[in-house]
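In the form predicted on its own, a lone chain appears below as structure tokens.
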């Protein structure tokens, strides 16, 4: 790590509020926040709202909401770039006066003169804290506009002017800004301002290696919040998209991330967003909640679906069966419905495959008789009864296991069959097994 990054580090998140907050942008905010917290420095926010047509109050609030949801606290009042237009124009005048800029009617449009920054005409380079040494030839570094002919400052000028005013000494941003950094370094040098360190983060991509977008699935922070994912899980997962703690750990508390995070371990290769991995991590965070908190949220999800448990002890037996399977809160009712209502949906494919096949209903009814005769309706007794029956009939246990699961739950998969049968109880199980023929007929399996 750059030894200059000490408790004096000042870094910032500088979003343009022109729409929803993309996970790539919020990851940039997270990395800035972690660096500041790791070194005991300052994490600042600048809203780059100079695009007056697209920078809406709703979009600004969206940025603030996303940061609040993820716990990205800032250390000073946010800066709104739109309030600093006069300071930006004053800096342009300074550059004109020093000969580092000139005026020109770009394209001879007759619409007025733009202010053009004069590049130094020499090769440029810098040591990126993620990508390493980077260089660009003078021939590829062209002069560029810093104030448009309509009098409005351009991003390059406003960005550098505000970073100087905010005493930012570390700029962490996406690697789509690498080309801009050469221009910005030239501006710093022309203004005689101290140069910050730069770190450019790898892109987040889809499974094809292309920039991750809404077409690939949830791409905005608000999407994840609305779908019931936990903020700590998203925070943890986004940190791992480009950074590693140096071992195989993936579940890391915020305190651990603050202690471990360093730009040295940020890779330069694009990072792939894998929704399956993320959902698994979210499930881990859910299971790590205190039992009382988990139960409260679980019950609330059932209530939203019109499922009101009237037996607290029964609820306490159901929850452990489903904990490993539920990866986000909105899945709760779907996973748990058959425990709390006899009016649950059936997977038609599972019905056709498991209950319509030849001999399946006969096997199911024979198994029902064996279950009904049990003195104790326990998982162990149910398992033994099924296997004994399968052996007597010269069949495989699976010939009985799959039909009974579909008959009593409507699903092809789920928690341990015999444990769920025990929790459902004798009356529910036997009643649903008896209605299997009716279930098959109602779903028109012959089509």
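These numbers were taken from a predicted model, which means no experiment stands behind them. Residue numbers count along the first chain shown, from 1.
Beyond what is shown, the protein has a form predicted together with a small molecule; the following relates to that form.
*asked:* Partner absent here, but in the model of the complex, which of 207 to 215, 258 to 266, 355 to 363, 169 to 177 has residues with a heavy atom within 4.5 Å of the small molecule?
replied: Result of the contact check: 169 to 177.
_Partner-contacting position among 399, 48, 383, 422 - heavy atom within 4.5 Å of the small molecule in the model of the complex_ = When the small molecule is considered in the model of the complex, the option within 4.5 Å is 48.
*Sole residue of 294, 314, 102, 155 within 4.5 Å of the small molecule in the model of the complex, by heavy atom*: Of the listed residues, the single hit is 155.
*At the 4.5 Å heavy atom threshold, is residue 159 in contact with the small molecule in the model of the complex?*
Close contact exists here: in the model of the complex, residue 159 approaches the small molecule to within 4.5 Å, heavy atoms only.
*Evaluate residue 11 for contact with the small molecule in the model of the complex, applying a 4.5 angstroms cut-off between non-hydrogen atoms, and reply yes or no.*
Contact with the small molecule, no.
_Heavy atom of residue 24 within 4.5 Å of the small molecule in the model of the complex_ = So residue 24 does not count as contacting the small molecule.
_With the partner left out here, check for me: in the model of the complex, does some heavy atom of residue 439 sit within 4.5 Å of the small molecule?_
No, no contact at 4.5 Å.
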